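One chain is shown next in structure tokens, namely the form predicted alone.
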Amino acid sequence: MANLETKYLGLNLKNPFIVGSSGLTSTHIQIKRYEVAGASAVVIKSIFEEEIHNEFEHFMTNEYQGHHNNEFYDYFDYKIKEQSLEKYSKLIYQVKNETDLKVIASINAISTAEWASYAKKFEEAGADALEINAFLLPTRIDETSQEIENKYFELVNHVLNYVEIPVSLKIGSYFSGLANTIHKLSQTGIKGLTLFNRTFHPDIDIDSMKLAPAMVFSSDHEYLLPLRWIALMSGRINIDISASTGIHSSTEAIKMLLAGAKTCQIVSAIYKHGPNVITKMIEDTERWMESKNFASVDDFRGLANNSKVHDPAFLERIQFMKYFGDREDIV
């Protein structure tokens, strides 16, 4: 039988299939279903810096109007944060004690403020690793790309000074020099990168002519963006890469592994088809490996990355010149 065991962030996993951070991983009862389905690890639903701030603002606006004492504000700000952290830490503890899954805590941060100390609490609760989910949309015209990038490094360095468990960083693709940024991040001391964030996109309802949320779930063609960058970078950096976005079957998962990913994070496919989609991915991957005579994942991981392919320039091509440049039947 094919051996799917892999190592990610220094953790020994029985296979490369991880349930990614989402509402799917917000309770220990839900998470236990993924262990039964065969997943090797879970990323606990991110605790959002913005959610805590919004909860505090809502609480003060609706419950304590008219109070303007700074000590009063500080007290409730502290209490709300403590309650959020206690609830999150309890979930980590429950999952660690009720399953054999590897548990990766997740913080979604937009500043360096207190998140390092939060990370320490999650480590103390038993988390095996930490994923920092950081994405800053570069919308400010008065902010340079260098200033934006610096925030990522400040956040990472701040957290690394607090925790001993392995740390990974989940990023988006909105960097002016993505390859250079990935390379520099790989040298900070983090153990892994997750490529890429699936971000919220606004849409426009043409009937109401108002903004509305676009499709929340990924589609299976969205794997192409992370696939390209994993293939480009996996042979050029010395940290692990986890693939995220658009992985709906073993086909996309195998491609990510061939590109050099250590693990694949699954979310939308579970929302659409339930936990058993993980079981099917595992079984189909095993069958594919056996058909290709691969005994282990390490036998084929990275065979299609930048350092192994015959024509590396193929990964860097961005124009359709070769395929559609002289076609007249394309409308």
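Only a predicted model underlies this, so the values are computations on that prediction, with no experimental measurement involved. Heads up: residue numbers just count along the shown sequence, starting at 1.
Form predicted together with a small molecule: not shown, discussed below.
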item	value
Contact stretch among 285 to 293, 298 to 306, 265 to 273, 27 to 35 - heavy atom within 4.5 Å of the small molecule in the predicted complex	265 to 273
One residue of S168, S234, S106, S242 in contact with the small molecule, assessed in the predicted complex (non-hydrogen atom, 4.5 angstroms)	S106
Option touching the small molecule, based on a heavy atom within 4.5 Å in the predicted complex, out of V216, L137, L224, I206	V216
Triple contact flag S46, F196 and G246 to the small molecule in the predicted complex, non-hydrogen atom at 4.5 angstroms	yes
4.5 Å heavy atom contact, G23 to the small molecule in the predicted complex	yes
Touches the small molecule in the predicted complex: S89 (any heavy atom, 4.5 Å)	no
Contact of N133 with the small molecule in the predicted complex (heavy atom, 4.5 Å)	yes
